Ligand SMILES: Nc1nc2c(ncn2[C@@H]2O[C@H](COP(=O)(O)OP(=O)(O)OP(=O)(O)O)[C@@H](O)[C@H]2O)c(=O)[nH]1
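One chain comes next, on its own, written as structure tokens: the form predicted alone.
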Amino acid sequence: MASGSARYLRYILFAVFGLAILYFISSSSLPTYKPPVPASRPGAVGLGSIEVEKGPEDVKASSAVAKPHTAVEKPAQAAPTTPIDKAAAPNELSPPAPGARVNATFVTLARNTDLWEIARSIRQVEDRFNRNYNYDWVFLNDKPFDDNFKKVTSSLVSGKTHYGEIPNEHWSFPPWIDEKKAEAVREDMRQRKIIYGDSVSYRHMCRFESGFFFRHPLMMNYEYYWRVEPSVELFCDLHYDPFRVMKDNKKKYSFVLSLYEYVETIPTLWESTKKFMRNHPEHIAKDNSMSFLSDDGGETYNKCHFWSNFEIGNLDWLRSNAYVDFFESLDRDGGFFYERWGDAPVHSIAAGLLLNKDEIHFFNDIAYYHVPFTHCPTGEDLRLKLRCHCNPQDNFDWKGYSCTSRFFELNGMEKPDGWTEQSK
């Protein structure tokens, strides 16, 4: 009997000990991270549930410019109620970068059918840069944007989104164009298999990007722009504000890729350019970049241009008399339709002639891809610091068909370490 009682007592003690161990485990937990929520500050401008501090100059500028009625405001977010909700709040995981913002926007020309391609681009830009800066985004289309396009894109952009329709006169044949002649040119280019040679819409796009996007009512609210195309990729983090670099250093135009244009698409573009130079010598900058464009002092065009599907630029320059006179002179000559002039050589020739060479900037650390070319920053240390995922051997900068070496030589710039390995 006594031995039985002792055995029961041992069972009870084991049970109590086991329950104590279970209680200790269940009441313990790993420490949880609670992202800091920025506190409100005087002079700050709200962006959803975060705020971006603005300097006096920027506050004055923003109060003087009315916001377009086409802006899509972000829906109010309910306060987080569970740890899962808190972890999913992007604006808590990406606090705003300090400092005042420039009066700038991203701008994209897109169709409704481009939705998922531009969604990819937006995520690239937001994840690598804009989620900490919250700049606006302007979308332009020759047709009205549908509700699904607006819903998806506005959910991806950390700033405000604006949607505009292009006026018909900016996306059609101007009255001085002989449409029969233009049609014959397209057929000839189709037979010769010139890229986009038979496309009407591509020509309207090139003309619009060359002469009208910066004058659209939505764009009139801004001083700087960053052009973003569907299906582009940014390979590296960007830990500073390129708009601020442009403004503080008085830069008017910038690029990451340069190359030679297809000669079949621009046979008379340089003749039209020389006519403009004769008629408007007052617009030609004294310290221009003619040697980037020509190997013989301006007699002929060497076809070098900045690839304009990426560009960050100053809108006031594009709206200046010098640039508008240049565009209108080319437009009257009809080469957008009688040939196939692209906006890239048009922008590049204008920048090369109308700007001083120190007003053009090369962004080595903005890693960029648009089919089929890649700009991968030169310099291993830089790529590691910026968490780049591009293959440096894909970098186009120092290849034979690139014009970036010419830009470096023109400006007396030293090429970065490692460029010779990427030139092979």
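All figures in this text were calculated on a predicted structure; none of them were measured in a lab. The first residue of the shown sequence is 1; numbering continues from there.
Another form, the form predicted together with this ligand, is not on view; read the next lines as being about it.
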**Prompt:** Which one of His216, Arg111, Lys247, His283 is close to this ligand in the predicted bound form, taking close to mean a heavy atom within 4.5 Å?
**Reply:** Arg111
**Complete:** The listed residue (Trp317, Trp171, Trp270, Tyr338) that reaches within 4.5 Å of this ligand in the predicted bound form by any heavy atom is Trp171
**Prompt:** When this ligand is placed as it is in the predicted bound form, which of 347-355, 236-244, 173-181, 111-119 ends up with heavy atoms within 4.5 Å of it?
**Reply:** 111-119
**Request:** Flag Ser201 as yes or no: does it have a non-hydrogen atom within 4.5 angstroms of any non-hydrogen atom of this ligand in the predicted bound form?
**Result:** yes
**Request:** May I ask you to state whether Leu384 is within 4.5 Å of this ligand in the predicted bound form, using heavy atom distances?
**Result:** no
**Asked** Pro230 near this ligand in the predicted bound form, any heavy atom under 4.5 Å?
**Response** yes
**Message:** Even though the partner isn't displayed, in the predicted bound form is His370 close enough to this ligand, meaning a heavy atom within 4.5 Å?
**Reply:** yes
